[in-house]
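Let's start with one chain on its own, the form predicted on its own, as structure tokens.
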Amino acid sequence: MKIILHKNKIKKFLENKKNLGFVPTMGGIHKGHISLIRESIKKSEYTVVSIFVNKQQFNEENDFKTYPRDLKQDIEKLKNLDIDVLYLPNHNDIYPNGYNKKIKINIFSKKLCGKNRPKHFEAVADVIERFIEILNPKNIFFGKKDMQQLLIVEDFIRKKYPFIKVVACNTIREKNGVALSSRNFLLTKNDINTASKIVKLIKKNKVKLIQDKKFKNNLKKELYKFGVNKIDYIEPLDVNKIIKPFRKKRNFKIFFAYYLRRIRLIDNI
């Protein structure tokens, strides 16, 4: 695994390498990331993994400051995989002339997480576009845990970079049902137990949530009893009817976001 810090060097290294798989991360590497990397290795001749904590994605300064960072541990986890390049750019490497404030993405970005995190998805699309311009990948790998992000980025890339494929990979969960996330490193054992109860309760009541809009309020009361500090949303949505082109087959997911203490967790079931 070669570690490269600057875009000019990585551009030179990747010259004439056509079948490139790219796995963007913000570090805090876990089994979910590793599953994306393995999928890239399977489908690509070359695999590049990036670690870049993108400040403009964060709506709160404290969330940015407390985001889990352990580069040494991340490198240890990654070097045992068959990765060609680990790209570790700095802010100026990605944003030499500042952010793109005119980036256009799907209106779905205003719903769910977008209601409480204005411009978050624009920031995600912006940074992904910067990486595309540097790396020119054939495939980019995203997890289904961040389903809203996946659908928005997929739509953005399909319209602007039709030669690039977004590969959606299944959510990796602990045995207790909790989806793996870098933010899980900030959770206590009690938090993890609460998160497990929440996943199991929502999964158990998925059909009720889809069929009965009023049931959502009853479920929220149960979550608060578990010790949830705040609920941003619990929404049943047909993921095949959110962003065009629509698909005929119905595929409902329950999207939910909530806080345990000051830690925000998102998932979909």
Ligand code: AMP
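The first residue of the shown sequence is 1; numbering continues from there. Quantities reported herein were computed from a predicted structural model and do not represent experimental measurements.
One more form of this protein should be noted, the form predicted in complex with ligand AMP, which is absent from this view; the next part is about it.
Residue contact check for Asn190: none of its heavy atoms lie within 4.5 Å of ligand AMP in the predicted complex. The closest non-hydrogen atom of His30 lies within 4.5 Å of ligand AMP in the predicted complex. Of the heavy atoms in Ser196, none are within 4.5 Å of ligand AMP in the predicted complex.
Proximity of Asn170 to ligand AMP in the predicted complex: non-hydrogen atoms within 4.5 Å are present. Residues placing heavy atoms within 4.5 Å of ligand AMP in the predicted complex fall in a single listed stretch, namely 171-179, out of 171-179, 93-101, 79-87, 113-121. With the partner removed from view, the residue among Leu219, Ile243, Met26, Ile210 that has a non-hydrogen atom within 4.5 Å of ligand AMP in the predicted complex turns out to be Met26. Checked against ligand AMP in the predicted complex, the residues Asp74, Asp155, Asp146, Asp126 give one hit for a heavy atom within 4.5 Å, which is Asp146. In this stretch, 38-77, the one residue having a heavy atom within 4.5 Å of ligand AMP in the predicted complex is Tyr67; the partner itself is omitted from this view.
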